[in-house]
Structures are given as C-alpha cells and as structure tokens.
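Below sits a lone chain in structure tokens, taken as the form predicted on its own.
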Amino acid sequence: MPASTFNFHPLEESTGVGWFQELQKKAWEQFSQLPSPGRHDEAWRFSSIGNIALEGFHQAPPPTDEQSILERSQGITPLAAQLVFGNNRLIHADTSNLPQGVILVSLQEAIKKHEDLFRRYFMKEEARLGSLKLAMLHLSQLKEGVFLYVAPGVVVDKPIEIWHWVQGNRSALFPHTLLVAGAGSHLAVIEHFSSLEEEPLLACSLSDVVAEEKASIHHVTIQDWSPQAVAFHLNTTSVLQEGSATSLQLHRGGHFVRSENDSRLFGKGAKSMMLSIVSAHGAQEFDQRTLQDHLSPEAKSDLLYHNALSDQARTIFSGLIKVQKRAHRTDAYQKVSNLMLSDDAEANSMPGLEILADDVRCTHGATSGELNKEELFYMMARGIDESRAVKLLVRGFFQTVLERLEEPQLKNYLQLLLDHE
C-alpha cells in the first residue's frame, strides 16, 4: 500500500480553504509513513491481507449517468430530507422539509459556511482498530461528504436519507459523514453505499457520529457495493451524558469488506447499541472489528452481530469491551452469532473483555451453528421447497437483530429489504 500508488487531489483546489489544505497534506504525509497492515498485526488477525492491495485505483471521475443514479435512489419514505452523491460529487439535495435548527449540507459547503461548527467535530477521534493508515488515506483524498447538525432540543421526526453511488472501472470513492445531535435532540439517518455497475472499485468511507447530552441518534447503513469491491468502513461514535446512539449495518455487497466500529461512552448514563447483519456468499470476506469503550460510570453498551455464511464465504469478528478506571456500574454486552450454511464457509470470532473498574456487569460470547434441521424438515413437509425454507430460516435469524432497532420506520424498511433477498 505504498503512497506512490496514489495521486494526491487536495480539496483546496475547489474550496480554497487553507486550514483544510494543511490537514490533508499532513494526512498524506502520515499515510506515506505508516506501515501497511501485515500478517503478524494483531489488529489484522485472520484477515486476508492479499485482498487489500490497492494498486491501480484512481479518484472516481464525474459520473456519466446522473439520471440513472437519481432514478435508482428510491429508498425509505416518507423522508425529512435526501442527499444523493455520485462519484464523490453532490448531484441532488432536497432539504426543504427539515425543521429549523438543522444544518444538512455537503462537506464543501460546511467548510466554507460553517467552519467553526464543522471543525469542532470533524475527525476528532483517532482510528484505533487497525486502520489508521486507511483513515489518513481517506482524509488526504477526501473531496466530498455530509455534514448534519441538529441544534439542541430539535426533533427530526422522519428519517434523513443519504446515497453514495460509484460508477466506473477501478474508481475510488472516499465518502465522509459527520452526524451531530445537539443536547436533547433526536435524529434518524439511513445511508446507502451502492454501485451503478459490477466493476472493481475501492471505497474508503469514514463516519463520525456524536450524540450530546440526552440526545438520541439512530444511524442505519446499507452496504451494497459491487461484488468486486474492496471496501473499508471506519466508524467512530461518541456519546455524552445520558445520550444514546444506535447503529445498524447491513452488509450485502463487496468482495473484501472491513468494518471498524469504535463506540466511546464519554458521559455518565450514556448508551450505545451496535448491530450488524451480514449475508455472506461466494468468496466474500467480511472483517469486523469493534470496541465498546466505557469511560464514565453507569453507561450501557450492547452489541449484537449476526452473520449468515454460505459457499466459501469468510467472516472475522474481533470485539473488545473495555471498562476504564472509575467507569463503575458499567453494563455491557457483546454477542456474535454465525449461521453456517455451507461446510466450506469459515467464521472466526474473538470477543474480549478488559475491565479496570469495580461493580460492573459485562458478558460476551460467540456462537457458530447450522440451521435447525427439525425446523427445515417441518417446513419442507408442509410443501415449502428447501431453498425457500432456508431463506425463511435465515430471515428469522436476522429478525433477532432487527428487533433491537427502536425506530419503527427504519425497522420496517429493513424488513422489506430482507424479505426480497
């Protein structure tokens, strides 16, 4: 992953903003100096390092079929607002139904018109789960993204939808999403990552999610990249006192996909829910790394990841619950379940605990198993063919995760997506 592989495209060429130019240059220098992931790195244990060769990719050119992108950007309804990006460029924005006190703009507009607010939250936490080099690549190549800020006390009662599309052989995409819920506010966001064509691509996305005091955020991401995609999704969530953040990731596409989710509970009584559904087939590999970092007392975190693996698919899960000193009365859970639909599939699970405080309740575990043969026989005995019966049982396996999602509109939409798998 040498720096010489890439062309540097500084954002300041289009914005003229000096501070961001300096930030990107430093990121490029750091990317160039940091070592590439290796087979002996614990943060990349079990991962197929050969799948992350990034040579030959280039910054995505302007999309050639904006109309097709817009026609296919039909998701959840009704909406509070929608942004659609194609190849790192904003091509559609509808924010007319947003309440007062909400800022929803592109990254370039945020840098120009909301600099102080944007700089207060932008990439304040370092990537800690093994992909700092990739985070620096993301920052150095960043051209566009989303800045969403909800003022204290404002409730956005309908979801906000964001689409990121990529088109073009060996195109590289670097989406950035910054979501901030001010004190006492409420926000739900659904974000799509999709390919217009089935060609090789590189995606390196990064999201920062901040829930301030007594705020509530629901963030759903649906990853449906090309089957030839190499993708990295790096996510950092910060939750302040009595705030709550729920994230759900649905992974369907890609060839090699690495997902890092770092949840930091900074305030007393903070809550974090981390959910994931992976449908892995063919030769797909999904590499999942998580951290539930408790820094204050009486905080709660709950992680539930369900992976269904068929054919020669592989998954890796490495998750840590860390309870810092003085984070007393922590309540933390972590569970990953793997449903093995093929003898050739492989699931690697490494849950862990690190507890430095007293009076805590922490549990973690991982399971791998096959379909219930009695349930399968029962359904087939009643006239349901085997293929359909398997799909229904897998659907029930995923339903356990969906039930944790408290936002009804988001839950119903995801149920419809899974029903049409």
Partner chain sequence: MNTLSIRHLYASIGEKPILEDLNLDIPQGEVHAIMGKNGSGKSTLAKVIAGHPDYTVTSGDVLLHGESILGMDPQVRARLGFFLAFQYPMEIPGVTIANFIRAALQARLPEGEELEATDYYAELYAKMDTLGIPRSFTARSVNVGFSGGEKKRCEILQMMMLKPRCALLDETDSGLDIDALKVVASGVNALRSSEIGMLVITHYQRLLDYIVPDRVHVMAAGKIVLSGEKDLALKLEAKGYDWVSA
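Positions refer to the first chain, counted from 1. Predicted, not measured: the structure shown is a model, and the values here were computed from it.
As for the form predicted together with its partner chain, it is not shown, yet the points below apply to it.
- Contact with its partner chain in the predicted bound form, judged as any non-hydrogen atom within 4.5 angstroms, is confined among 381 to 389, 22 to 30, 65 to 73, 49 to 57 to 381 to 389.
- Contact annotation for Q409: none of its heavy atoms lies within 4.5 Å of its partner chain in the predicted bound form.
- Of the heavy atoms in P35, none are within 4.5 Å of its partner chain in the predicted bound form.
- Its partner chain in the predicted bound form comes within 4.5 Å of no heavy atom belonging to P61.
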